[in-house]
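Okay, so here's just one chain, in C-alpha cells, the form predicted alone.
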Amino acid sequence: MPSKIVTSEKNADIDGSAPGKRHPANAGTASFLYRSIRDLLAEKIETQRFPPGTILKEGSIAVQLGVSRAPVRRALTMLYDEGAIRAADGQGYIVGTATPVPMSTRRLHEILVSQSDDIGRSATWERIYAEVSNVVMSSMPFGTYRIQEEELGHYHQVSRTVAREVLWRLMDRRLIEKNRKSHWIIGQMTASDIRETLEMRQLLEPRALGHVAHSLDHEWLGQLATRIAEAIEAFPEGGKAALEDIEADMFTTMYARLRNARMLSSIERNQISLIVPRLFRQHFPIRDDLPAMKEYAQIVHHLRTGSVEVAQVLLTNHIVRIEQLTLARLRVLSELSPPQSAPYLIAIH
C-alpha cells in the first residue's frame, strides 16, 4: 500500500518562517512540500538508494508519498536543473548518466516509505496554508478583517506553531500584514492595489518569460495549447475550473524554472490581481473571459514556434488590457454581501 501522509497535530509542529530543512526543535527551518520532496529524493540519489539509471516518474512517487503530483513535479524539476537527473526519452527522469533501469513499485515503496512522516509534516502545513489562503483571498474585496491565531489553530486542529507559520507565509505574499498591536490583518483590496500589482506584473512577467522560454518542455506546451483550444471551442460550457487550471499553468507553472529566486518571489507576491477574476467567477458567468483565452492561445503558440519576443509583447499587452476589466469586477464584488467568514476572522470595518 502507498505510504499515507500523517496529518495529526503530533506531526504538525513546524517552527520558523524561512524555507529549509525541517526540524521541529529549531526555529527558521520550515519547508514547502516540494522542497521536502526534493530533499528526500536528493538524499536517496546521493546515498544510491536510487542508483544511477533509476527511472523516476512523478505519478509513481506521488502515489507512494500520498501527495498530489504538482509538488513532486516541481521537486523533480529542481533536481533536473541541478544536474542530478536527466529527462527520459518518454516520461519521467533518469538518475545520472547510466543506462535507464526501471524500478518496481514495491521497491520504490520500500525506499520512500521510511520518511513519509517527515513529508507528512510539510503536507499538513501546506494543506492548512491552501485552505487559509483561500479564505483570506475570498474576504479581501469585502472589508478589513483580523485573524485570530489561536482560533485558526483550533479550527484546523493543528498546533499554534503551524498556524503561525501559515500566517507568516501569507504575510510574505502580502496577503496579510501585522499592525502595531501585532494583530494579523487582512486589508481590504483597493483599486490602487490592483493598479500597482498589474504594473509590477507588466515589468516582471514578460522578462521572466524570456528567461524560461527556452527551457519549457515542448510536450507540456503542446498539452497546454490543446487544453486552451478545447476550452475556447467549448466556451463557456467548459466552466471556470478549466479556465483557472489554464491560468495556473500560464502564470505559475510557466515560471517554475526561473532561476532568479528574487524575481520569482516578486512575481508570486504581485499576482493579487488574479484573485479578482477567480472570485468574480464564483458569482457570475465567465462570458467576459474569452478574449483572455485567445490571448493565452497566442502566447503559447509563439512560445512553441520559438518567437519568444512576440510572446513577451503579447503577455505585456494582455496584462495592460485586463486592468480596466479587473477594476470593474472589483467594484462589482465590493457591492455584494460578504461571504460567510471563518470563525477565526473578525470583521474590523
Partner chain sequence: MNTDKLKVIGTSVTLNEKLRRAAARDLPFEIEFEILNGVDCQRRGIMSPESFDIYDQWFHSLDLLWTAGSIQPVEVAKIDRWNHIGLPAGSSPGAPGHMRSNKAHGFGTRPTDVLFIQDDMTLGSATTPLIAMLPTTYNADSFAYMADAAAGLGVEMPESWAWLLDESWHGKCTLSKDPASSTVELALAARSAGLVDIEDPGDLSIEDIDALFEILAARQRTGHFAKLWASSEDSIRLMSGPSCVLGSLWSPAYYAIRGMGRKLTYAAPREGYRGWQSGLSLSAALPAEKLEMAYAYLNWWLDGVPGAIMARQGYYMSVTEPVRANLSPAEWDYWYEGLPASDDLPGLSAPIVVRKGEQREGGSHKERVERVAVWSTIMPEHNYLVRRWREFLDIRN
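Numbering follows the first chain given and starts at 1. All of these numbers come straight from a predicted model, not from anything done at the bench.
Quick note: we don't show the form predicted together with its partner chain, though the next part is all about it.
Checking Y155, F142, F235, F251 against its partner chain in the predicted bound form, a heavy atom within 4.5 Å turns up for just one residue: F142. Contact annotation: A229 falls outside 4.5 Å of its partner chain in the predicted bound form, judged by heavy atom distances. In the predicted bound form, P285 approaches its partner chain with a heavy atom inside 4.5 Å.
Contact annotation for I348: at least one heavy atom lies within 4.5 Å of its partner chain in the predicted bound form. With a 4.5 Å cutoff on heavy atoms, A87 does not count as touching its partner chain in the predicted bound form; it lies far away. For a residue to qualify, one of its non-hydrogen atoms must sit within 4.5 Å of its partner chain in the predicted bound form; none of V135, Q340 and A342 qualifies. In short, of 36-44, 50-58, 302-310, 320-328 it is 320-328 that has heavy atoms within 4.5 Å of its partner chain in the predicted bound form. Residues in 224-262 all lack a heavy atom within 4.5 Å of its partner chain in the predicted bound form.
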